[in-house]
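Only one chain comes next, encoded as structure tokens, the form predicted alone.
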């Protein structure tokens, strides 16, 4: 089985990667997969993962234990939980202490010809949603997770830092609330994509371009860089809320005393709900097509990762 494997920080195209054992899980043939910033961070050492990369995918079920999904086109939630521990029973399966995570922790991922996942993790893709849109289900669900962690009101002043792949998805879902939203970024062409959807943007060409300090009720950090936290912290008002979406291979230096003094609410947000993400894609409420930079065959996966790592690149896709 052809697969892209991470080993000691190196990306290897493995023509004979073994398929994980069945263990009662569904077998999915990958038709399209995406490269995200987390994949790039894993190559830099994030999570100390060794194995097949990738967690954004759409594919065809070739085997499911119940038989009900055989032949269906699906996307999949990336956290495989035990379903029996106290955390799972309390309704928090993405925080199961026994979980494995597709292409991130303890489980081979989607940058391969096939993958295995528990059948309960799979969601059928509506016929109206093409593969090129369905492959965005996982990051779109992550964007929607913000609403599970915090209520965004139409009267809120909201700043979003980061005009990358995730940031542009988050901008679109935040705009659905009617809030007073401003997207801040360093790439004029990316900001123009958001502006075309009616979203207010500001180009941060220099330090003087940033809004005044403490001027937003909610600040969402999607930069993917350690420096993004300091910028986001500067913008949030006292008793405001700072939502953190970035994951990266680095440590942060925080002035926790100032967070205490200003009574800032810090919220982490990662994996989110797939069903509403698929509904948004089916209804055309979120436009992902402009976010696609390029598509490479899986056999050119090393070149695809090199393209994805270039500054300013949006979504790079892999097709087995």
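What you see is a predicted model; the values in this text were computed from it and never measured. Residue numbers count along the first chain shown, from 1.
Here the subject shifts to the form predicted together with a further copy of the same chain, a form of this protein not shown in this document.
If you check 116, 233, 123, 245 against a further copy of the same chain in the model of the complex, which one has a heavy atom within 4.5 Å? Only one listed residue qualifies here, and that residue is 245.
Can you pick the one in 215, 94, 100, 177 that has a heavy atom within 4.5 Å of a further copy of the same chain in the model of the complex? Residue within 4.5 Å of the partner: 94.
Sort through 259-267, 29-37, 284-292, 52-60 and report the only stretch with a non-hydrogen atom within 4.5 Å of a further copy of the same chain in the model of the complex. Contact criterion met by 259-267 only.
Is it the case that residue 145, even though its partner is missing from this view, gets within 4.5 Å of a further copy of the same chain in the model of the complex, heavy atoms only? So residue 145 counts as contacting a further copy of the same chain.
Within 4.5 Å, heavy atoms only: does residue 186 come near a further copy of the same chain in the model of the complex? Taking the distances in the model of the complex, the answer for residue 186 is no, it never comes within 4.5 Å of a further copy of the same chain.
Do residue 68 and a further copy of the same chain come within 4.5 Å of each other in the model of the complex, heavy atoms counted? Output for residue 68 is no: heavy atoms all beyond 4.5 Å of a further copy of the same chain.
Taking heavy atoms only, is residue 89 within 4.5 angstroms of a further copy of the same chain in the model of the complex? No - in the model of the complex, heavy atoms of residue 89 and a further copy of the same chain never come within 4.5 Å of each other.
Could you pull out the residues of 271-286 that have any heavy atom within 4.5 Å of a further copy of the same chain in the model of the complex? The stretch touches the partner through 271 alone.
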